[in-house]
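Before any questions on how it binds or moves, here is one chain, the form predicted on its own, in structure tokens.
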């Protein structure tokens, strides 16, 4: 079940003009493809979360240029696009006492794809519960 752990890169982005562009330009120049990108804002900095097939290389490139970046694991879930499907996933996780730290979506034409950040100690519990309910979990190559 380890293969269902998607490695995500989180980059701390200062809230100043051109900071996001500097990061995306750097990754483009290095030929690093982004599968998903989301930016959460706060007063002084933002958290840029990236899914890429090349997490280690992206992290190395960003650190070498002075950006703060760290990797962590997330769980990807594929659901049908209909009312209540996201709620079903949340309900399954709640039934086994798994709290969701945050979630975001990945664009996909036919299905809904949600990325969930969970505490490491409940990751296996969440995967097991979702697989028992026949929920489709994603591997990076599925994105």
Partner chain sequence: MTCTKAETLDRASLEALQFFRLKETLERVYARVPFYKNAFDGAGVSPRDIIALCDLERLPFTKKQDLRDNYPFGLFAVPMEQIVRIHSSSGTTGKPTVVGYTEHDMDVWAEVVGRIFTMGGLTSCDILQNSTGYGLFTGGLGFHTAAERMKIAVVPSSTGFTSRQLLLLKDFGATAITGTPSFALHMAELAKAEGYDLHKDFRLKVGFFGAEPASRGLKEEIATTWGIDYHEVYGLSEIIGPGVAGSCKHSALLHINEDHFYPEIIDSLTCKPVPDGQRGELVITTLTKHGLPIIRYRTGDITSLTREPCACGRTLARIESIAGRSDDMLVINGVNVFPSQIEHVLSCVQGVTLNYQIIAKKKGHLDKLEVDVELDESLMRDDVAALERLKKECERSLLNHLYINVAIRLVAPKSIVRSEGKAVRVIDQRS
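Positions refer to the first chain, counted from 1. Not measured: the values here are computed from a predicted model.
The form predicted in complex with its partner chain is left out here; the points below concern that form.
- Residue contact check for residue 10: one or more of its heavy atoms lie within 4.5 Å of its partner chain in the predicted bound form.
- At a distance threshold of 4.5 angstroms between non-hydrogen atoms, residue 44 is in contact with its partner chain in the predicted bound form.
- When its partner chain is considered in the predicted bound form, residue 59 lies well away from it, no heavy atom lying within 4.5 Å.
- For the chain shown alone, residue 120 is not a contact residue for its partner chain in the predicted bound form, no non-hydrogen atom being within 4.5 angstroms.
- Stretch-level contact analysis of 92 to 100, 60 to 68, 29 to 37, 79 to 87 against its partner chain in the predicted bound form, using heavy atoms and a 4.5 Å limit, identifies 60 to 68.
- Contact with its partner chain in the predicted bound form holds for none of 3, 124 and 141, as no heavy atom of theirs lies within 4.5 Å.
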